[in-house]
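Shown next as structure tokens: one chain only, the form predicted alone.
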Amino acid sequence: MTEIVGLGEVASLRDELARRLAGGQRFAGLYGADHDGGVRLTALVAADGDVAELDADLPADAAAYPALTPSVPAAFWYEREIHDLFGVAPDGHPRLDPLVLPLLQADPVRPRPGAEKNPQRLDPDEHALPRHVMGPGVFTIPHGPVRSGVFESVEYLVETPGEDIPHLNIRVFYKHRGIEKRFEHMAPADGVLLAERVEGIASVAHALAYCHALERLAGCVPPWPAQLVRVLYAELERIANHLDAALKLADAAGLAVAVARFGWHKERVLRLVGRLAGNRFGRGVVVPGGVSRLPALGPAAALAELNGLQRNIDVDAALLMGTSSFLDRLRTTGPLPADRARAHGALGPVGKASGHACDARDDRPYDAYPTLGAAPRRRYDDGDALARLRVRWDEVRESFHLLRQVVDQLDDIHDPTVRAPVEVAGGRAVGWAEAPQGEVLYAVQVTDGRVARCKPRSASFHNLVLFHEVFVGDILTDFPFSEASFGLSIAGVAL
């Protein structure tokens, strides 16, 4: 069961966080919930085998609290989000600009996740945000929220003297959908339908993290066939996402043939998922207690498809990684220093490319992963766009390695049971899964058989704040390479 520690005041929370982080645990998030008319702040701390929740309560009349960001810099965006949603200000925060909601007019009614009511409307303030870079010839380029091609709604405010990028401000609120409020009052079993849609490109990972939280509350272990099926869809999702990142990098370099080839490989993966699950994103498969059904495609046919896919992907990946003009655009572009990645707890390929090899499949293994033999992983420390792509190719190869083991074991399944009963009346728990972007966490509270609070924390939210920092020495034409190499989803940031 999730470790839940009530610490009373924010000062005690700060001290406990410092103690745990000094002991090698990792800051994994911070969120708020309405609690007796006030706000409960909850820090998520990851350790081997568990994710703890550390609580501190603010009274109903509190308008501010001592900011955690000065002592825990990774809380920078989390405290901005709490300010947007609850209106309580973290005193001492270095830059409290709007993040998941636009700048609002005076005395707005806030959404307050966990509260009984929703605000009828939110009125944005049209005043522009202040500039951060001043000097002769400096101007701001508003890149987005609508861009050419298929991109999510996000606005990058690039402050530049012409070519260099001394400062970048990210405005993600165009994508905000009120997901956290939508979870409230749902039956726990129904919540998985919403979890699958929080971050569409990682539907399986979000469904897994949400269901893992419910299963921890219920003390439920899914049947072995279900554990294998979950890994099957999670790894296919990983391959599709990494192929998407590769084709976007190739597109930024103007390599039309590579774009077409990797687009086709991604399409083949999605079509395989469709044949297995009945839809291209694996939705409707992961349910509390297991899975809804076994794959519609037999193991032999699935294995043949996987073998053909890997052969073709390996050939085209080798050609791409042998193209000097392409590698030159990625090498030293968007560097994230290793010490910064460790201090922030960078997740997924972003962290692994900078020497921070955090992976929930290893650190807190779930479903069938503990019994599957993972391929050896190489270490990368360069932290640039090239290293992030190399991590993705390594993960694609590892996914195929895992998928073959899963298919072989599914061929030997004789008991068709794929779901165990899950009855949750109340309690709190955290569930996790390793999405293609990195660790996904779901902090779920159930009261009287209904979801009272559900906080999804995606790797995209945790990592995107680092995007501000990777333009040292880069110029405007490097921007699409850095963005594509991060491979994040704005939907997973502005819930």
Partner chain sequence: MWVFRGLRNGVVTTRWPRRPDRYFTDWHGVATIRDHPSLPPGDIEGLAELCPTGAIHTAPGNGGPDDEQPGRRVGVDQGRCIGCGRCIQARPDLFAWSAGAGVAALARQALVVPAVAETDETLAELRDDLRTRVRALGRSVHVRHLDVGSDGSDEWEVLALLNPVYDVHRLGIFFTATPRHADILLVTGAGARGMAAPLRRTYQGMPDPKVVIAAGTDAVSGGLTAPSYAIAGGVGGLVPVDVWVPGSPPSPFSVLHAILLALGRLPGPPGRRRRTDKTGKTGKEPRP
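Numbering follows the first chain given and starts at 1. Computed from a predicted structure; not experimentally measured.
There is another form of this protein, the form predicted in complex with the partner chain, and it is not shown here; the text below is about that form.
Peer 1: Contact between residue 333 and the partner chain in the predicted bound form at 4.5 Å, heavy atoms?
Peer 2: Judged by the heavy-atom cut-off of 4.5 Å, residue 333 is well away from the partner chain in the predicted bound form.
Peer 1: Should residue 174 be counted as a contact of the partner chain in the predicted bound form, where contact means heavy atoms within 4.5 Å?
Peer 2: Answer yes; at least one heavy atom of residue 174 falls within 4.5 Å of the partner chain in the predicted bound form.
Peer 1: Applying a 4.5 Å heavy atom distance criterion, does residue 364 contact the partner chain in the predicted bound form?
Peer 2: Answer no; every heavy atom of residue 364 is more than 4.5 Å from the partner chain in the predicted bound form.
Peer 1: Is residue 200 part of the interface with the partner chain in the predicted bound form - any heavy atom within 4.5 Å?
Peer 2: Yes.
Peer 1: Quick one: from 263, 289, 87, 337, grab the residue that has a heavy atom within 4.5 Å of the partner chain in the predicted bound form.
Peer 2: By the 4.5 Å criterion, the partner-contacting residue is 263.
Peer 1: Under a 4.5 angstroms heavy atom criterion, identify the one residue in 145, 92, 98, 108 near the partner chain in the predicted bound form.
Peer 2: The option sitting close enough to the partner is 145.
Peer 1: Which among 219-227, 240-248, 158-166, 407-415 is in contact with the partner chain in the predicted bound form, heavy atoms within 4.5 angstroms?
Peer 2: Of the options, only 240-248 has residues within 4.5 Å of the partner.
Peer 1: So, a 4.5 angstroms cut-off on heavy atom distances: do all three of 327, 386 and 400 pass it with respect to the partner chain in the predicted bound form?
Peer 2: Zero of three within 4.5 Å in the predicted bound form.
Peer 1: Which residues from 333-368 come close to the partner chain in the predicted bound form, meaning a heavy atom within 4.5 Å?
Peer 2: Nothing in this stretch is in contact.
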